[in-house]
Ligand code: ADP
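Shown here is one chain on its own, the form predicted on its own, set out as structure tokens.
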């Protein structure tokens, strides 16, 4: 009997899952349950994309994370055959100052992570809820938390600092950076594409519904656009990105918005959705003739260009630019426009290669190599989970 590692990535209304062979790291199946509190839908497929099952619950019948996990466990039990579920790995957005590596979840760890929820209100509570549900139904099953902040713990003290008094920063108010599992994966596979970039100075643009960029030097994170929370930096699907703090004060003092209303505004009602009034989905914006949609795209591209320049300064130069995540991997026009903005840094685009999706989309004479590399946070989590359990087994033996 061989072992399986299940990877769960829980959001507020969805749970994405993948199952991997614990030894070979081979993907066995994938899927998601979405619409948890409205009209829940389940679908799963094997590694080749063939359907393994679909299910839909009646509209107005909230499923919730607990029932969703119970359904998923039963489904997996029917799929595993000779596979034994050995562990569950979870994406947890915030690890704070304490966790720079994946960790086996215990009640004490869970309590510590819960205290970080105000720093990632859209993600952390749902990440932890899924861990709690699994613990209740599968008490002896090892669970491992893998953190989006951990990869950025290599940042210098200067890079992490805000210009605030120690009485404030002592509470952990500093730049953490996020999307670390994605950047860690890209750093790990980059030598397979470009040895010079892997050893040198690379900016990775993780462009999706959540968007950020990160500067790597020798494969280590040295700066990131995201900071104290995952709302800082680039405009995103529904998040505003960086704002002058005076805007928040104005919203409170002059427009009389409550803290909750401001939180909803900057996390859920801004970004591409807020600017365009059309959609948070880049595909819909690119297909739209609405001038507001075009302006939202213009703003998004402009801000990416500014941040690439900032990150190149932090890395003291630029050898390569990597696009990844949903928009970065699929939006030809966005890559083209970002590269055109970065021409001053030495980026020269090969239009045909870009249209074909790469992987290399820069011209042969470009001083800066440009790549399209699909990210795989789930396989990173599976690897961490397997390695942590193997280390624990060796220590116990």
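If you're wondering where the values come from, they're calculated on a predicted model, not measured in any experiment. Positions refer to the first chain, counted from 1.
What comes next is about the form predicted together with adenosine-5'-diphosphate (ADP), which is not displayed.
Peer 1: Name the stretch: of 122-130, 281-289, 306-314, 144-152, exactly one has residues whose heavy atoms fall within 4.5 Å of adenosine-5'-diphosphate (ADP) in the predicted bound form.
Peer 2: Careful reading of the contacts points to 281-289.
Peer 1: If we define contact as a non-hydrogen atom of the residue within 4.5 angstroms of the partner, is residue 208 a contact of adenosine-5'-diphosphate (ADP) in the predicted bound form?
Peer 2: So residue 208 counts as contacting adenosine-5'-diphosphate (ADP).
Peer 1: Would you check, heavy atoms only and a 4.5 Å threshold, whether residue 326 touches adenosine-5'-diphosphate (ADP) in the predicted bound form?
Peer 2: Yes, residue 326 lies within 4.5 Å of adenosine-5'-diphosphate (ADP) in the predicted bound form.
Peer 1: Verify the contact flag for residue 342: yes if a non-hydrogen atom of it lies within 4.5 Å of a non-hydrogen atom of adenosine-5'-diphosphate (ADP) in the predicted bound form, no if not.
Peer 2: No - in the predicted bound form, heavy atoms of residue 342 and adenosine-5'-diphosphate (ADP) never come within 4.5 Å of each other.
Peer 1: So in the predicted bound form, is adenosine-5'-diphosphate (ADP) close enough to residue 330 to count as touching (4.5 Å, heavy atoms)?
Peer 2: Taking the distances in the predicted bound form, the answer for residue 330 is yes, it comes within 4.5 Å of adenosine-5'-diphosphate (ADP).
Peer 1: With the partner left out here, which residues of 10-35 have a non-hydrogen atom within 4.5 Å of adenosine-5'-diphosphate (ADP) in the predicted bound form?
Peer 2: Just 16.
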